[in-house]
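One chain comes next, on its own, written as structure tokens: the form predicted on its own.
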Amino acid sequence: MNLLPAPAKRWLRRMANLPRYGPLGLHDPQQFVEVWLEGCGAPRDVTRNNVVAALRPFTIGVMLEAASAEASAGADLRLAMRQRGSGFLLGVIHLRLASTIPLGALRFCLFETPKCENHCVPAATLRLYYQRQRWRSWQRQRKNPYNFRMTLSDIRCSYVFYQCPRPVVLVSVQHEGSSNMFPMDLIGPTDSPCFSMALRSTSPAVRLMQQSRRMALASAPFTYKDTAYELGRHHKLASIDWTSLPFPTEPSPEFGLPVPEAALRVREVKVEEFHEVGSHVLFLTSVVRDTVPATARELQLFHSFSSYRQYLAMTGRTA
């Protein structure tokens, strides 16, 4: 029997600071966290050049010059999350070079993540995080042994990765008689013309993206957060009924793909190549057209991990 009312449950969750991803409303690009690649020569600012390429194993992509990529092999590299301005170290993800994708004079380096450090919350709270995650992982495996699961180490590294707020977009794609729109946050720019996207290989949308080779990425307003989460169910669908969307759409300027009228920005991208990386398919795309409406003033939907949001609260900062 459930004896606690909903407000009491929410209060307990806030007090416990349970590990979870959650929404933030920010202007893009976010200005709160810097990401630095350290351990091979001078530290390099990769705030706009670090993306998730796969969740299992947890794999991070960084674009480097060929010489830097070669030097990173065997180096003791780490991705450091630092508070902008103060330089406070929020967290660290240790990196191990797994493979590279050659792109002319550049290499898209794929790093696996053997361990991490989280400095946003006290050690005792972290231990509670990890104990709870073990219990939840055991429960999920017991209920469905075939469900998608990350290792506990990879989950902890993802906690640190999301200390840096990550933007959420609604992706539109069409091919022949099939079409879809779904949210993604495993996306991002690189220090090159390539824009990276990673989608779980079991998603029916992967086939659409591979065959169509063009998509529209609409930056979602923060007011769309509930809608964006509802559209997450589209990841399991081969095609959707566009008339069922809870908001009006309009054609994107270049490809004519349906995008929300309220989109804060629309990137229309062309797939240059795609690769299987662990549990995901990594798409390397080029931006054909980038449209920002003159009237776009709203905050954009971002995802951030609760330990960083708690850090903001403890230090009196707001995002």
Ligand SMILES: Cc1cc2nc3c(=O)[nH]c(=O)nc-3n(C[C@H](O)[C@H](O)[C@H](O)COP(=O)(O)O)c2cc1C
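Residue numbers run from 1 along the displayed sequence. Here the structure is a predicted model, which means the values were calculated and not measured.
FYI, the form predicted in complex with the named molecule isn't displayed, but the following is about it.
The candidate spot formed by A75, L97 and L110 lies out of contact with the named molecule in the predicted bound form, as no residue has a heavy atom within 4.5 Å of it. Remark: P183 counts among the residues lining the named molecule in the predicted bound form, judged by a heavy atom distance of 4.5 Å or less.
Within 4.5 Å of some heavy atom of the named molecule in the predicted bound form lies at least one heavy atom of L199. Among heavy atoms of R267, none comes within 4.5 Å of the named molecule in the predicted bound form. At the 4.5 Å threshold, heavy atoms of F88 stay clear of the named molecule in the predicted bound form, well away from it. Only one listed stretch (111 to 119, 67 to 75, 208 to 216, 231 to 239) carries heavy atoms within 4.5 Å of the named molecule in the predicted bound form, and that stretch is 231 to 239.
None of V160, V168, V173, C194 but one reaches within 4.5 angstroms of the named molecule in the predicted bound form through a heavy atom, and that residue is V168. Residues of 272 to 289 placing a heavy atom within 4.5 Å of the named molecule in the predicted bound form: H280 alone.
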